[in-house]
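Only one chain is included here, represented as structure tokens and corresponding to the form predicted alone.
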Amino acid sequence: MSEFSTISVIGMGYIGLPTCAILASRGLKVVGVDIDESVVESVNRGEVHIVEPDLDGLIQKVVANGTLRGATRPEPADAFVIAVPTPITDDRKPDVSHVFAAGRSIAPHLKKGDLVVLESTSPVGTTRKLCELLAGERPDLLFPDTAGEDADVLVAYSPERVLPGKVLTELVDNDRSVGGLSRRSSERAAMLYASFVNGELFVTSAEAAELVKLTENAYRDVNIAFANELAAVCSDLKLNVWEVIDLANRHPRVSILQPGPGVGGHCIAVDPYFIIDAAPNNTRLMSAGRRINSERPYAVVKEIEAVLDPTKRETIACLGLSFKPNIDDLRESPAVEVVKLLHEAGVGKIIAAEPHARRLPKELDELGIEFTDALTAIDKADVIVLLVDHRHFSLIDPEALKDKKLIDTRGLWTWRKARKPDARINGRSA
């Protein structure tokens, strides 16, 4: 891997920082770039600004041995990996401005032989547009959009496919798609990822790789929507949705996901819109899935309102604010949306608990929501709303809940912990 002596990773967020750590752990010199000075300063101290198992120890190690350092501006490197956010606008259109800003920031440092890889989840065609931008910024260099195999700078797309909470493991073990804008671009990008990926590397076009990433998250969104719609059906029929799903999943060709208060995070809650925007006339199922999942927080609030005593102002404890268990990521979190909607409804005093956060997000803090630990919140509350099934909450003694009204959107206490032994037929567990 001497061909890549220095790697520059643009963006040190939930994907960029672990990528920096993994690359640096392989002995490569890595410069992590972020416009947030506090992020750069924390990395250079060997500290992390996000919650991800084992990341803190690895960052401390690679910073101490000199293979990783942070910077607020790009520097010359042999390969540039762009891992910046790609949010959606208020009207649900893809916003790739951060990608193009990253492109403009690295353009002055490009030289013949360099590789640029976009990792950010992007609409189909973004990699090619990034290449055109780089070519416009550096007319002295040849790029694969016009020069093909004779390009001076190679450009490719390779999306991550990792699970928060298992990022360091899945960055290494999962298969990966690599889509170059030329054969040489694909080969060089595959060479970079081969330095740390144990999974298989599949070479395709940049456009196909872009759609593959979007497809993975749209698939999960649609399947979660099915589970959430089934939860609404079970509510109407007074049945336990987790029991129904558990038993249905015993069919060898059925694998229903789990319902909840909605879908969050920067991937599943966002990426389907990139496909919907590109093909609005052929994405009716994806659009319906997005609508079902987006409306789930409103359904949870109605469920809470149904158990409140209208004669007094009750206290509601909302447990969990992150978009999934055991992480600190609040992006697009349906739990945060539920708390906001409860405040807007003025239904009572609201207390929030999130064991992975030191403070409330600004949008809730400005509302005057009380923030405390879970046990204190439970003690003060009349109604307990479980929004995220953190491990911390699974350790809570059910006795602490016996006199409370409980809304369990994750089935942690109403099914997984309180589940009765399976019926046994012919000596076999159901």
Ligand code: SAJ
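Everything numeric here is computed off the predicted structure, so don't read it as measured data. Numbering starts at 1 and runs along the sequence shown.
Form predicted together with this ligand: not shown, discussed below.
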Of 197-205, 217-225, 341-349, 274-282, which is the one stretch near this ligand in the model of the complex, taking non-hydrogen atoms within 4.5 angstroms as near? 217-225
Among P123, P74, P297, P164, which has at least one heavy atom within 4.5 Å of this ligand in the model of the complex? P164
Can you pick out, from G180, G289, G103, G262, the residue that has a heavy atom within 4.5 Å of this ligand in the model of the complex? G262
Is there a heavy atom of L130 lying 4.5 Å or less from a heavy atom of this ligand in the model of the complex? no
Residue-level question: is R188 within 4.5 Å of this ligand in the model of the complex, judged on heavy atoms? no
Within 4.5 Å, heavy atoms only: does I268 come near this ligand in the model of the complex? yes
Quick one: is F323 in contact with this ligand in the model of the complex, heavy atoms, 4.5 Å cut-off? yes
